[in-house]
Every structure is written in C-alpha cells, then in structure tokens.
Ligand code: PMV
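Starting off, we have a lone chain in the form predicted alone, written out as structure tokens.
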Amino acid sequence: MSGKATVISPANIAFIKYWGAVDFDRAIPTNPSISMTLDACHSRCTAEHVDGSGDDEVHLAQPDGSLTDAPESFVRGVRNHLDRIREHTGRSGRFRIATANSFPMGAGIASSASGFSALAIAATRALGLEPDEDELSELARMSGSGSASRSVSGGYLEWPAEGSGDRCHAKVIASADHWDLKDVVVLADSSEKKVSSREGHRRAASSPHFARRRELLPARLDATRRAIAERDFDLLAPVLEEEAIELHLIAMSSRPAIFYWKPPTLAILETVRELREAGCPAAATMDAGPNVHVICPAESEEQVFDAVSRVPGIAGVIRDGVGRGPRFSDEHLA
C-alpha cells in the first residue's frame, strides 16, 4: 500500500510556558502550559508511504521547488519520530518526507512544534488513517517536542489537558473565532540558536528559580484561563510578560547558564513598554530564543507593527495571529 499527504501545520506561542520535564524521552512536562495557535508561521510537510524496507528519505524543500538533503541531526529526529508512528500504528514500510517552513527554523519560534505536528498528521494520513485530535496530539508529543502537542488544533489550547493522564494530550479551551488576538513577531536574530530548547528543558531544574516559578504557576494558569474566557487583555498582559521573563531568568541561572537574548531583544522589550505607557494595549512574550512575540488586540496591530519595525538591528517582522490549525493541501512538496 502507498499513500501521500501534505499538511500545513502552524507554530504556536505559549502564554504559560512549557519549561522543564519529568520525562524527557516522552516529553511529559513539569507543569501545564497554555498556548495560542498561529497562522502565518507554519510548516508544510509532504509524507509519502512506500511498501518495503530501507531508510526513510528526508529532504528540505527550497523556495524554487527543489529538494536538498536535510542535516543529519534533523534526519535523525524525523526518522525517530516515524519509528514511533510505525510502532503506534502497527504499520511497516518506509516514508519519503519533504518539509519546508514559512519562518526561520531553530530560532525560538516553535519550528519543532509546527514541523513535528505536520509530520505526525501527514504520515498518519499517508497510511490511510484519520486519528482524532487527542491521538494526534499524543503522536506529535512522541517526537520529543512537547510543544508539538499544542499545534494539532486551532485557537487556544491547554496541555496536558485535565484528565489526560498518561496520554498527556492537549485540548482546545477556546476557538480561534473566540478572540482575535494578533502576534507581531519581531526577529532579534533569525539564525539557529546555539542551545536547543530540549537542552534548555534538561537544565531548567538546576536553576534556583525553577521551584519558585512552580509555586506561582497555579495562579497564573487560572488568570490566563479567565483572561481567554473573558477576552480580558488587561488581565492577560502581565501574565504573558511574567512568564516570558521567568523562562529566561531560569535559563540564565541554569547550570550551565543559557543566554538566548541578543542586543535587539532588550530594545524590542523597551519599545513594547513605551507603547503600553502611551496607551497601546500590547504585551511581549518569548519562547526559548532571542525573538519577541508582541501579543495585542487586532485594533492595535498597526501601531505595534509600525513601532517595532523601527527598532535598530532587527532581522525582520512577521505579522501573525490566532489561527485555525492544520490543514491539508493538494500541492505536494515531492
């Protein structure tokens, strides 16, 4: 049996962060996280299932439509994930994979979330299977990228979902239509970061601030859930910034320390503070990287974009917002 499928799957930005794990191999987090699914920042993955033995083929699709060999570390991660999918589904055979991103890879904008969720969805569809979102969330998590579990659906998600137990999947807590928030992504540095998120998770518990953050999280989770339910940006904004700063505080105080910020990062954060002081609703958050996501209501997007575009030294700005989740495409990469 052979089959082929192409999926466009989005990145997500965490409001409450996933930072630290109790099981690194299975990507079981130390705490629940809440995220917003994006739209413009996405990965496109074509998976073709072929009967027979042999190694899975993994390629990167270039803007001109050509395919190039992927780096060995990337190939190894994809093949490991495909092995888990074969084990989970009880299917054999090999895959031909081609993938591409609409945004810089490995720069702290959740390219592993979009990439591995796209791979999980495309590979299972190429096998002729149609798992529900709970199962897809689990399969995406099995890649080792916990944030991938939050990219299989649109809107606002919490992971692990209440009652998911050992299955540890994400659940939608509000649809994309519920609240039209925007994300103006400011690139302080578009190059691949030197310390991976996975390594950051491993070092997190060595920080003296790690335990204190866990004590503060229940109140932050409650506030974030309420802010989303009530569409209350004033309630959401301080939590976004507290979480972002503490993730990096923990990274910087881990053993050994991790410094993700670049000089433009501080300038972007200062610009967001100035916007807010001038009456523009906006809040900054960051994942494990130097780049800043400026979350804002739709009505302030233009003002935010104009301001951050003038920050010296930035590598670019991506206009994004809450998205509806993965979708299938007939335009295959291979």
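Start at 1 with the first residue shown and count on from there. Please read these numbers as outputs of a predicted model, since none were measured by experiment.
Missing here is the form predicted in complex with this ligand; even so, the following discussion is about that form.
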Heavy atom of G146 within 4.5 Å of this ligand in the predicted complex | yes
May I ask you to check whether L82 falls inside a 4.5 Å heavy atom distance of this ligand in the predicted complex?
-> no
A284, heavy atom within 4.5 angstroms of this ligand in the predicted complex = no
Indicate whether K182 is a 4.5 Å heavy atom neighbour of this ligand in the predicted complex.
-> no
Which of these stretches, 93-101, 68-76, 230-238, 194-202, has heavy atoms within 4.5 Å of this ligand in the predicted complex?
-> 194-202
In the predicted complex, the one of V292, M36, A288, C296 near this ligand [non-hydrogen atom within 4.5 angstroms] | A288
Across 247-275, which residues bring a heavy atom to within 4.5 Å of this ligand in the predicted complex?
-> L247
